[in-house]
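First comes one chain, alone, set out as structure tokens in the form predicted alone.
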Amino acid sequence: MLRLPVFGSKSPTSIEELVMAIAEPGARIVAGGTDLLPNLKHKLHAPTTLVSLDRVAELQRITWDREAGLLRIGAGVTLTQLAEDAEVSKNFSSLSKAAGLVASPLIRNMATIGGNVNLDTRCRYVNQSEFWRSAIGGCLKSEGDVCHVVPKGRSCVAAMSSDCVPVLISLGAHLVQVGPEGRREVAMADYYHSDGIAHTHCQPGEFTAEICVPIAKTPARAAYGKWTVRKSIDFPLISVAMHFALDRDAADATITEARICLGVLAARPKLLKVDALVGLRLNDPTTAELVGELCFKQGKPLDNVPYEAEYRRKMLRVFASRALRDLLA
């Protein structure tokens, strides 16, 4: 039986109280707890206090800020709320789909968008029981000093497996971070880096308060696709998010701007170089072929999650094609 370690808890009711609570040594934020609590059972973290977001009403709202041209999503909004919101589904179908594909309904009812944005990295060698890890001597992310994925590497390459992050990056979203120094905004694409142990640029005592997604001013289409084996049980093994700005809202429209982001390659999602797509028609067979080729050439998975890296790389072509087909539909 995997048991939770002993810890205290706090439930602030305002942003100000929350900032003060997490400033204390050994404090750690918990929202839905669907990622953190299993990791605690695996003894991957040892906080002395868990600070809950559950009673901070400011963090549990979905707001359409038309004046600023933004969809503002509180970090405490559950994935179920996000997936089932009719306006979000209508305007940001890829985000709605990604939120609705996470795990199972029971988990989505608890898990929050803030937690999904700050999801810990995962690796087949570390997300195991302490007993299992001890058999291989641990790793860079746990009790050891060797990366079993890249034995001669000096940094952890555990993978970022969030469903929503690649989509939010493709949509050009940014985060509002709040801490002792006040509020700051950071682009989603710049929030992550390649260290699997500390893979975000979250500052000490800081937390994600809000996710802001720009409302498109011109016609646009977006899609998300991921590969899992056991569907509602598994994290994605690869994922593809794409967003195209168009000259008009039609299947044969010309692409004026493109963003494609791949997930589950490494600790940082991969935003592809896709300038070659600009000027092509959306439904041109050449476009579909080029999208698949760009994903295959620039997406280079590691053996950090189940299934061979080379097979997962080939699956990028498949799921890029399926995502584009959904986008055209």
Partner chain sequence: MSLIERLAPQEVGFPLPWARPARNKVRMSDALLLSMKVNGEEVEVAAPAHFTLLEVLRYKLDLIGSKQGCDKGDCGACTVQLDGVARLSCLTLAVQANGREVRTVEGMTGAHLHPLQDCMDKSVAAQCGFCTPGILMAAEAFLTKMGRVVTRGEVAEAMASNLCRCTGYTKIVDAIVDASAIMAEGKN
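Since we're looking at a predicted model, the values are computed, not measured. Residue numbers count along the first chain shown, from 1.
One more form of this protein should be noted, the form predicted together with its partner chain, which is absent from this view; the next part is about it.
Trainee: Taking 4.5 Å between heavy atoms as the contact cutoff, choose which of Ala86, Leu106, Ala187, Ala198 touches its partner chain in the model of the complex.
Mentor: Among Ala86, Leu106, Ala187, Ala198, a heavy atom within 4.5 Å of its partner chain in the model of the complex occurs only for Leu106.
Trainee: Can you pick the one in Ser93, Gln203, Ser232, Ser155 that has a heavy atom within 4.5 Å of its partner chain in the model of the complex?
Mentor: Exactly one listed residue reaches within 4.5 Å, namely Ser232.
Trainee: Could you tell me if all three of Ala250, Arg259 and Gly299 have a heavy atom no more than 4.5 Å from its partner chain in the model of the complex?
Mentor: So, no: the whole triplet misses its partner chain.
Trainee: Taking 4.5 angstroms as the heavy atom distance cut-off, pick the stretch from 163-171, 98-106, 214-222, 68-76 that is near its partner chain in the model of the complex.
Mentor: Of the options, only 98-106 has residues within 4.5 Å of the partner.
Trainee: Counting only non-hydrogen atoms and a 4.5 angstroms cut-off, does Ala329 reach its partner chain in the model of the complex?
Mentor: No.
Trainee: Would Val291 count as a contact of its partner chain in the model of the complex, using a 4.5 angstroms cut-off between non-hydrogen atoms?
Mentor: No, Val291 stays farther than 4.5 Å from its partner chain in the model of the complex.
Trainee: Taking any heavy atom pair closer than or equal to 4.5 Å as contact, tell me whether Asn118 reaches its partner chain in the model of the complex.
Mentor: So Asn118 does not count as contacting its partner chain.
Trainee: Hey, in the model of the complex, is Leu50 touching its partner chain, heavy atoms inside 4.5 Å?
Mentor: Yes, Leu50 sits close enough to its partner chain in the model of the complex that at least one of its heavy atoms falls within 4.5 Å.
Trainee: Where, within 1-19, is there a heavy atom within 4.5 Å of its partner chain in the model of the complex? Residue list please.
Mentor: Contacts from 1-19: Met1, Leu2, Arg3, Leu4, Pro5, Val6, Phe7, Gly8, Ser9.
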